[in-house]
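Below you will find one chain, with nothing else, as structure tokens; this is the form predicted on its own, and questions on how it binds or moves follow later.
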């Protein structure tokens, strides 16, 4: 699954609050980490303790989450926490590796300062970086010629992560999480006033079956490919709508990625231009319908105008698609005078069957919609009256 775009607030707990020094470190992590960290559980190590002192963090890794327990001691809050990793990671022992390498002083734990709220964030990032490297080494041990070749050609790409994908009902697989576009590419700069709190990313998920062979088979099967983005990015464009280039026989990731990234770069440019087109469409509503009473000022996906036909007053909601102007807005009419049995305003179903051409300028698009609604609003008024009659 794709990690969420926003860091979750500390999980609610019916137990005692976190000890102040511990709470300060957790709060700093949640507000300053560039990763979408989630707090799954908070609890106390003592049955009747005054404070909670341990919690579970869900940390994104390889387009999924790992769950680590951070165990402080409320009776000794100056001491750094113990960390318990997942049951499948018994071989991941970063402190042992540090000790064997004689580089334990490089760890942030060597200079742990309980008064520094940045301590937990530094520890989490340090452990995660070591965890990423640990899994790269584990995958490198796999006896599969193609996986070995892929590692040798793309592992140097900044931000790439790999891991094994165990399964009870099929052979083992290796998953690559490959960041696309420039690692430092800032989508927020494309959208003035963008509310995104965390960096937005697009990854290609590549899953290779393991053949356990020292050489390639005659025709290696194509890997399973999927584009995955952080959820907030769907406000700009949806990667699910992107058609992946075909994977040719004998192809490798190093050959596949350039064409894919070129295609995505074009889509990013189109998505940015589409915001401008949607904004101009909303601005064009004012001369014909009057100034919208509501509008999405950032992504320009929605607008609402108040319309009157005789004594009938109604709202027109415009849902403007990401593919605008190739796709036309969906119109929904809402009566200001008729309520259904639940006491909510009567609304039409979304309307898409009205005259439209993406080649028209925005003013003509709006005029054609206005002409269409001149007649359609009478049908909607009758629908509202019939609904009220049926309720009596």
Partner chain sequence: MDPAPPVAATPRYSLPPVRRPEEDILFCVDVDLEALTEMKPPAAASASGPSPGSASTGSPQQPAGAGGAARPALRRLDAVKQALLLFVHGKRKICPGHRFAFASLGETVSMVKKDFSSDPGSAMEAVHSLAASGSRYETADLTPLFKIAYQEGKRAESQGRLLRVILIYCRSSTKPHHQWPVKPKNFTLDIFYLHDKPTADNCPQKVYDALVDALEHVSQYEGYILETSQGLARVIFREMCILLSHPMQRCIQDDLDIPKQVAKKTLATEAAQNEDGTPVSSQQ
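Positions refer to the first chain, counted from 1. This is a predicted model, so every value here is computed, not measured.
The same protein also exists as the form predicted together with its partner chain; that form is not shown, yet it is the one meant from here on.
Candidate site formed by 283, 298 and 377: every one of these residues places a non-hydrogen atom within 4.5 angstroms of its partner chain in the model of the complex. Although the partner is absent here, residue 347 lies within 4.5 Å of its partner chain in the model of the complex, judged by heavy atoms. Using a 4.5 angstroms threshold between heavy atoms, residue 87 stays clear of its partner chain in the model of the complex. Put simply, residue 247 is far from its partner chain in the model of the complex: not one heavy atom of it is within 4.5 Å. Residue 302 belongs to the set of residues with a heavy atom inside 4.5 Å of its partner chain in the model of the complex.
Only one segment in the set 70 to 78, 250 to 258, 185 to 193, 237 to 245 has any non-hydrogen atom within 4.5 angstroms of its partner chain in the model of the complex, and it is 185 to 193.
287 is the sole member of 159, 287, 166, 111 with a non-hydrogen atom lying within 4.5 angstroms of its partner chain in the model of the complex. Shown without its partner, the chain has 289, 290, 291, 292, 293, 294, 295, 296, 297, 298, 300, 302, 304, 306, 307, 308, 309, 310, 311 in segment 289 to 311 as residues with a non-hydrogen atom within 4.5 angstroms of its partner chain in the model of the complex.
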